[in-house]
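Given as structure tokens, the chain that follows is alone and in the form predicted alone.
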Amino acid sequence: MNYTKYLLIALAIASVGSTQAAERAPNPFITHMFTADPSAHVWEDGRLYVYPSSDIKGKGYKDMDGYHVFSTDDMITWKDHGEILHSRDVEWGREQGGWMWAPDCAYRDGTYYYYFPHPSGPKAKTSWKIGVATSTKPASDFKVQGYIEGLQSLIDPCVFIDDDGQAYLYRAGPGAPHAVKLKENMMEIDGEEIEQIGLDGIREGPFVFKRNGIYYTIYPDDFPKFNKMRYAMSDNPLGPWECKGVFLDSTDVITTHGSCVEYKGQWYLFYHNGALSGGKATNRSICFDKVFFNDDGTINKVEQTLGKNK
């Protein structure tokens, strides 16, 4: 018997198995710092970029003070592009800093637009602004251009650009969720804000995407103690929406917030948990898992794969 031959075959099989097992990074996929509220996008360079907020070790949500960007081209190796924006860069922001909460990013005609909520005065709840920073690069050289005027004090911006080129800004929390059209310059509203009807139990953090002609809003619900992720569907980007229920159960932290994106033929949900901090709601960690749709467009329950690489 040729034992060398069989040994080589066994090693080859083991190698293939190892490659298949490593088709993605295990959750949480960012472990050197605390991150939350991930907004994922695929840009023209073929990479998937994630724009999260940043928790500070041992501090609370009021102290969140800067933003990093992460990217990948294989879902295994993730690059930290470093801090792209800090409260000290925001001239119109509150003097005390902090409160740099969930952001989003959009791309139009060679420019990346980075949207972030930040208070402009000492009373955060009544002075929220949606700031805008721009760059010709997806993960560096962002400069604050100001904030979007004419908006009520709400947080958690999401910007969705439809197939016809029309851009929409969505926000929520506290209070009812609202959406408004944006002008082509991506920094001015076009018309009045419209309350989003049908998002049952929404707490904050709406994220809008489109698949096969159907518009989706995903959002954290407001059923404490631990929020879950719900989704709603519509044939119009401004609703009304039909809530379809929960598609991500609670994690080990009170909050939830996320985004949904297709990359290389597979849809993924990005969200956060408290795996690195023992469930501390102010020291969170971003994760991602596969999303599967039914023929009618509804979404199956997402399986949370903590610590797994499949």
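The structure displayed is predicted, hence computed values, not measured ones. Numbers for residues come from their place in the sequence shown, where the first is 1.
There is another form of this protein, the form predicted together with beta-L-arabinofuranose (FUB), and it is not shown here; the text below is about that form.
**Q** Give a yes or no on whether every one of Y61, W101 and H272 sits within 4.5 angstroms of beta-L-arabinofuranose (FUB) in the model of the complex by heavy atom.
**A** Verified in the model of the complex; spot residues all in contact, yes.
**Q** Does the 4.5 Å heavy atom contact test between I155 and beta-L-arabinofuranose (FUB) in the model of the complex come out positive?
**A** Looking in the model of the complex, residue contacts with beta-L-arabinofuranose (FUB) include I155, since a heavy atom lies within 4.5 Å.
**Q** Is there any non-hydrogen atom of T255 lying within 4.5 Å of beta-L-arabinofuranose (FUB) in the model of the complex?
**A** So T255 counts as contacting beta-L-arabinofuranose (FUB).
**Q** Taking any heavy atom pair closer than or equal to 4.5 Å as contact, tell me whether T251 reaches beta-L-arabinofuranose (FUB) in the model of the complex.
**A** The answer is no: T251 has no heavy atom within 4.5 Å of beta-L-arabinofuranose (FUB).
**Q** Quick one: does S53 come within 4.5 Å of beta-L-arabinofuranose (FUB) in the model of the complex, counting heavy atoms only?
**A** Answer yes; at least one heavy atom of S53 falls within 4.5 Å of beta-L-arabinofuranose (FUB) in the model of the complex.
**Q** Within 4.5 Å, heavy atoms only, one stretch in 61-69, 24-32, 39-47, 240-248 touches beta-L-arabinofuranose (FUB) in the model of the complex. Which?
**A** After filtering at 4.5 Å, what remains is 61-69.
**Q** Judged by heavy atom distances of 4.5 Å or less, which residues of 179-213 approach beta-L-arabinofuranose (FUB) in the model of the complex?
**A** Sequence-ordered list has one entry, E204.
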